[in-house]
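Next comes just one chain, in C-alpha cells: the form predicted on its own.
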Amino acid sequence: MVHVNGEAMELSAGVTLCQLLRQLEITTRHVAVELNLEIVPFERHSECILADGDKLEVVTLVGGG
C-alpha cells in the first residue's frame, strides 16, 4: 500500500511511478511528484518502482495569469 496525497492505495508489486500516474489519469508532463520527501524528476518516472509504505505528493502544474 502507498499513500498518494494522503489517501491509501493498493498497488501491484513492481508498479512504476509512470504507471501509477497513468492509472490516476495524469497524462501531462507538467506534474511535480515528491516521493518520500524527495522530488522525482520527470525523466525518472518510468524507472522509479514504488514500494509498500511509500508516500507520494502529486501536484499538476497549471499555467495562467
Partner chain sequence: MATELESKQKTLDAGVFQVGPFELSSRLIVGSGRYENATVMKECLEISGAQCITVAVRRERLHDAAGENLLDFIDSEKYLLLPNTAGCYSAEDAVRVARMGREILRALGNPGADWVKLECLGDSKTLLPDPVATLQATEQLVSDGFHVLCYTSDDPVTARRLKAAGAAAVMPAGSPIGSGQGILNPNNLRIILEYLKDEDPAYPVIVDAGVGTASDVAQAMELGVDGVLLNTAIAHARDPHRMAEAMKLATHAGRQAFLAGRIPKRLYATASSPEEGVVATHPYPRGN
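Model, not experiment: these values are computed from the prediction. Residue numbers count along the first chain shown, from 1.
The form predicted in complex with the partner chain exists for this protein as well; it is not shown, and the discussion that follows is about that form.
Of the heavy atoms in L24, some are within 4.5 Å of the partner chain in the predicted complex.
Mapping the unseen interface onto this chain, G14 falls outside it, with no heavy atom inside 4.5 Å of the partner chain in the predicted complex. In the predicted complex, the partner chain stays beyond 4.5 Å of every heavy atom belonging to C48. In the predicted complex, the partner chain lies within 4.5 Å of some heavy atom of E43.
Residues of 31 to 53 that come within 4.5 Å of the partner chain in the predicted complex, judged by any heavy atom, are V31, A32, E34, L37, I39, V40, P41, F42, E43 in sequence order.
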